[in-house]
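One chain follows as structure tokens, the form predicted on its own.
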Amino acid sequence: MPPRFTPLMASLPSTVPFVGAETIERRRGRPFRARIGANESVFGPSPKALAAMAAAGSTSWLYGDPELFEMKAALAAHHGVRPENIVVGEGIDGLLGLVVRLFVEKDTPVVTSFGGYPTFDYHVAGHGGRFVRVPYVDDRENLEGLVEATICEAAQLLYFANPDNPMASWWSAGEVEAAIARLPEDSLMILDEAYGEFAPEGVLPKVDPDDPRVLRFRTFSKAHGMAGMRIAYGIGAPEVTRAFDKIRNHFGVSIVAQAGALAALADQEWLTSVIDRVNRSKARIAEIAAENGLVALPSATNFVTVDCGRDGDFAKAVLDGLIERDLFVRKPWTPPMDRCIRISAGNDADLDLLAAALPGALADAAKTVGG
């Protein structure tokens, strides 16, 4: 007898939203020389966070605090909110799964961008939600269109990333605040600010933490360099954050991750240094792109989206050429953004490899697709 899955589960493919660097390495039989495709921080965690995690390792026989008391208190103090405004989870991906579980069932309308973050779509599909997709406009999420779709569809959930992945674009704080003001009372905007630390001044909005229409997500994966630790948090109204206690994995955030995140949060000097290095790296990526006749789009994140100047087939061939030359990069997959490749900030050695590899990758791509 086959497994007795629910009809929804039986209808879904078994898949991973991203192709991991490790998967490609196994296929190729050799490691990458530069891993600048997943928007990880090659600059790593704060030395103080590393020390805290090493010390916590000796207590890893313990479960982490299921109420995350110290973590919530520290985050609340950092953001000027109350601990009851905070929810902590296993990365933004984990929190997205929980919030979808809280609000989405079969045929629930969910508004998101066509070509946006695929893991959110993965969770919505897993609960049978009905996608209401709004195309990007001028390489940005269509904020006005997202709000209009939320109103027209009476949608409970709206997903919006600011700054955005995969295009590194953004909306100003005032524009986001105006959009929030238009949301229906019974709708919830998931405001994904995973790249918020890299945003220029005037991008991150001022949001009433007790407004039940907004749940902001932040992470320790990007600027804090702790992607492998899986810890992130949300800021929202207590009636929203409390609901996570109905379904969350209460021991999901390890004692080591909690120790590292607390130390990272306290080391703002390291965070500033990482942001400076990321900005220098992005400037060099833009220079390398220009040297090869390509255009680097403006970036408010820790990666640069590079316009390859043609169509998606050509950009895919460029991507393949870089992978063949042992550089892990990624690209958007939805037209017209698929004309681009996406390169994460790297160290000097990474970018030296990029500068050496890109001309050959472009030449091979021109031969492969013509022109």
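Residue indices: 1-based, along the sequence shown. Treat the numbers as computed from the prediction; the structure is a model and nothing was measured.
One more form of this protein, predicted together with a small molecule, exists but is not displayed; see below.
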- Task: Answer yes or no: in the predicted complex, does the small molecule come within 4.5 Å of a heavy atom in every one of Tyr159, Tyr195 and Ala232?
- Result: yes
- Query: When the small molecule is placed as it is in the predicted complex, which of 91 to 99, 239 to 247, 277 to 285, 259 to 267 ends up with heavy atoms within 4.5 Å of it?
  - Reply: 91 to 99
- Contact flag, Thr219 vs the small molecule in the predicted complex, heavy atom cut 4.5 Å: yes
- Message: At 4.5 Å between heavy atoms, is Tyr136 in contact with the small molecule in the predicted complex?
- Response: no
- Query: Taking the shortest heavy atom distance, is Phe103 within 4.5 Å of the small molecule in the predicted complex?
  - Reply: no
- Task: Would you please decide whether Tyr117 lies within 4.5 angstroms of the small molecule in the predicted complex, comparing each non-hydrogen atom pair?
- Result: yes
- Message: By the heavy atom within 4.5 Å rule, which residue out of Asn85, Ser187, Thr112, Asn165 makes contact with the small molecule in the predicted complex?
- Response: Asn165
